[in-house]
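The chain that follows stands alone, in the form predicted alone, written as structure tokens.
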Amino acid sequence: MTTPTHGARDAADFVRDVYRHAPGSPIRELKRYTELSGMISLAGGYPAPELMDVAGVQDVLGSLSGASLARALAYDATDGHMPLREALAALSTDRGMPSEAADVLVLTGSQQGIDLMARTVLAPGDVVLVEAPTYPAALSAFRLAGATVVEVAGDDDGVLPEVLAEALATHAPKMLYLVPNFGNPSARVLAAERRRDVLALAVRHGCLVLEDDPYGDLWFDAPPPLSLYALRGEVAGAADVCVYLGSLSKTLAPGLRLGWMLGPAAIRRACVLAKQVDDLHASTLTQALAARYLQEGRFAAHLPNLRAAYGARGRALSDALGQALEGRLTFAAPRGGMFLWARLDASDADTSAWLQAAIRHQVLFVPGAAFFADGKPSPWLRLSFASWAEDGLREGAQRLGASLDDAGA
């Protein structure tokens, strides 16, 4: 008996089209340039290692011993290590979102929360609304789930309610994704009065709101308004459509890979089921470490240091850009977070074309096209001030100016 043959197959033929043809992260693609000697990268939104509380984390890690260390090396519940769930519930309550440990789902970074929501809520053909510009990895997660992404315009105070209302009526989306506090990349803060409008519109049109808040703790002069999730009790029906994602990556340490989700029990349960086949649970060791760090008050004590340092760096980059690129770049000084969002004023500007000249001058930024759903040439660019001290930021601004001359823009 002869075994039927189907011809030789390339390994790529086994990969689903949605993954085979998907582009990689435009920001991760730039990371290889950061290894070049002398490069000043203003591209990645990476917390500065020298600003992390290394000594405090080391103290807490050293305190795990005996039975506590043994437990931290064992499997744990998919929902999360109970002491960390309790600590994150307390942290959420302090932020105006009264919570119990049972309300918290611990994530392997809030990025996992975006992916879990995409996989459990979205089906091929569903529509997701996003503010333009927005976080590229969220765009990827929604597209890999088969959803259609539709942008909603905003201004300096965030998404525009009248534009959102029209998009909701026209596209009947299943989900709205927002980064309302010092957004990535725009650094915008959704105005307090608009937050209630967003909730009311979402309830009216039966649209889930996914609130991604990795930067809310990094305010410089004044905290942002209450989260959408905190306001859900003020708008009838909003408790059924609000999901909140928090993160310790930008404030404690990204290497711990810890975030958390709050939201309706049915949605959290679906995400738990998806997480069970994803990674079983976040690292028990890093969860135990983070739980003690929060419970001992170290996290609250360290936040003012981060705010002061990042605030100084944000102001330094703003001042340096104003001097090095005066009249060529338009931007608003950031009020928090890690990013400065700028527009090249030249007519028909495309910052992607500028990037190669910048690399030659040993400075990196992320072209604006990465943050829009259509990926078209854009005059915008994102700069991160998080990873460099003031002297490095001033030098980076000078290099940007020289590279712009080189590019002929």
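All values reported here derive from a predicted model rather than from experimental measurement. In this text, residue numbers run from 1 along the sequence as written.
As for the form predicted in complex with a small molecule, it is not shown, yet the points below apply to it.
Engineer: Answer yes or no: in the model of the complex, does the small molecule come within 4.5 Å of a heavy atom in every one of Thr251, Gly314 and Phe385?
Structural biologist: Checking in the model of the complex: none of Thr251, Gly314 and Phe385 is within 4.5 Å of the small molecule.
Engineer: Within 4.5 Å of the small molecule in the model of the complex, counting heavy atoms only, one of 153-161, 105-113, 262-270, 140-148 shows up; tell me which.
Structural biologist: Looking at the other structure, the answer is 105-113.
Engineer: So in the model of the complex, does Asp217 come within 4.5 Å of the small molecule, heavy atom to heavy atom?
Structural biologist: Outside the cut-off, so no.
Engineer: Taking the shortest heavy atom distance, is Ser247 within 4.5 Å of the small molecule in the model of the complex?
Structural biologist: Heavy-atom contact with the small molecule at 4.5 Å: present for Ser247.
Engineer: In the model of the complex, does Gln287 have a heavy atom within 4.5 Å of the small molecule?
Structural biologist: Because no heavy atom of Gln287 falls inside 4.5 Å of the small molecule in the model of the complex, the answer is no.
Engineer: Taking heavy atoms and a 4.5 Å cut-off, does Tyr177 contact the small molecule in the model of the complex?
Structural biologist: Tyr177: yes, in contact with the small molecule in the model of the complex.
Engineer: His281, Arg257, Arg335, Arg85: which sits within 4.5 Å of the small molecule in the model of the complex by any heavy atom?
Structural biologist: If I apply the 4.5 Å criterion carefully, the residue I get is Arg257.
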